[in-house]
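This document opens with one chain alone, in structure tokens, the form predicted on its own.
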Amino acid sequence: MEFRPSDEQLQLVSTFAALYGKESTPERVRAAEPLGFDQQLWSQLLDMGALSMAVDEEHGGWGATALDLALVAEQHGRALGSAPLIESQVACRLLARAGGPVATGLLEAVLAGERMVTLSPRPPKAGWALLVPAGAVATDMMIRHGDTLVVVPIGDDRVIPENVGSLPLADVPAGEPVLADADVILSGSAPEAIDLALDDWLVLTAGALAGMAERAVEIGVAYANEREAFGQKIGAFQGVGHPLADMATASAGATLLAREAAWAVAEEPGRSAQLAAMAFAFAAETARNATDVALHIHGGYGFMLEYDIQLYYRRSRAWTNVLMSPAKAVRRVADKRYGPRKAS
């Protein structure tokens, strides 16, 4: 079992790190608020093949592994990328698995940059798909309608709520007439298809959260080595240094577990669903704790908009809860390991 990146993967990481270093600076992240979408970054990601890499050659991609995608997700999280990379990669992989003329045609349009498709992970409620990831900027939404997976165009009647993490979420109309007239992506196997897509989402989000945690620790360490109190750097105090050391250890563990979950997609598929949920739960808790420690070390400065750590603090909580809470992810681990719980 080897999770250290190969030479080719190191080149991949270096390429995307350079892209994010140029196109997702803290200033650009701030400029993309409150919607949380940077069109220039998105265009650059498309040009780099960030979506094409997510699907196999048969469907017009270049067949990157889940581990390749997770390594890119780490860089996305480190830079707080203001673009729906993970949402779009998950949607592309779902369309490729679905096959059929509707899915194939839509996938071609997505890879060409003509459409942006997202997945609503939850069924509609009272005629609305609520808090759809990337729903504020996507052109189309896949959603479950009974046992069928359909695709619905997203129009101007979407409602975009403000949120603390500046995510492009939206409530999208999804009443019965809309769903009944929608194009069918999959018939009869929507629950299984969505469940596989959730595994992809958990794996990639775990990588992004691990990258976010790692960067938050770096920001905290840099500040501790700069700020002075009582004639010395505050990093020399145990109350500062020890929590940072704990978080550095935890973030390394989150990265390792996220990479193992991604590796297992191809190498140990029987364990991959368990590991995906486990990696997400641990990375989510780690990102939350790491950003909390780093912000606390900044003192009152940490809450000021001029300091970068508040960007990480807010997003570590928002990115985590788009799909499910860490507690729900832990329950998913148990369900995947031992089978769904029986109603009492």
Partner chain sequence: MDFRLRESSEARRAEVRAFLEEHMSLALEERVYRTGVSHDAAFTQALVDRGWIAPSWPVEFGGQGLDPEEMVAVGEELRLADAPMYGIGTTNMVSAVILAVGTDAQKTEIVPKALAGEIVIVLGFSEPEAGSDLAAAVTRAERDGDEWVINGQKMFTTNAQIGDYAFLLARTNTEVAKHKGLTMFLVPLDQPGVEIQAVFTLSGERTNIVFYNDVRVSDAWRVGEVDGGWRTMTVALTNEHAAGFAAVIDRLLVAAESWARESTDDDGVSRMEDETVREALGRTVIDLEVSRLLQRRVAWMAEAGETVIAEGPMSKLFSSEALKDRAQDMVEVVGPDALRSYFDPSAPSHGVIEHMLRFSLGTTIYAGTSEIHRNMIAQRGLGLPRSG
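Residue numbers count along the first chain shown, from 1. The structure presented is a predicted model; accordingly, all values stated were derived computationally and were not measured.
Omitted from view is the form predicted in complex with its partner chain, to which the following refers.
Contact with its partner chain in the model of the complex, defined as a heavy atom within 4.5 Å, holds for exactly one of 45, 281, 55, 66, namely 281. Taking 97, 158, 233, 115 one by one, only a single residue has any non-hydrogen atom within 4.5 Å of its partner chain in the model of the complex, and it is 233. Of the heavy atoms in residue 303, some are within 4.5 Å of its partner chain in the model of the complex. In the model of the complex, no heavy atom of residue 187 sits within 4.5 Å of its partner chain. Put simply, residue 171 is close to its partner chain in the model of the complex: some heavy atom of it is within 4.5 Å. In the model of the complex, residue 180 stays away from its partner chain, with no heavy atom inside 4.5 Å.
With the partner omitted here, the stretch from 149-157, 87-95, 130-138, 103-111 that lies within 4.5 Å of its partner chain by heavy atoms in the model of the complex is 130-138.
Residues of 310-329 lying near its partner chain in the model of the complex, listed in sequence order, are 310, 313, 314, 317, 318, 321, 322, 325, 326, 327, the criterion being any heavy atom within 4.5 Å.
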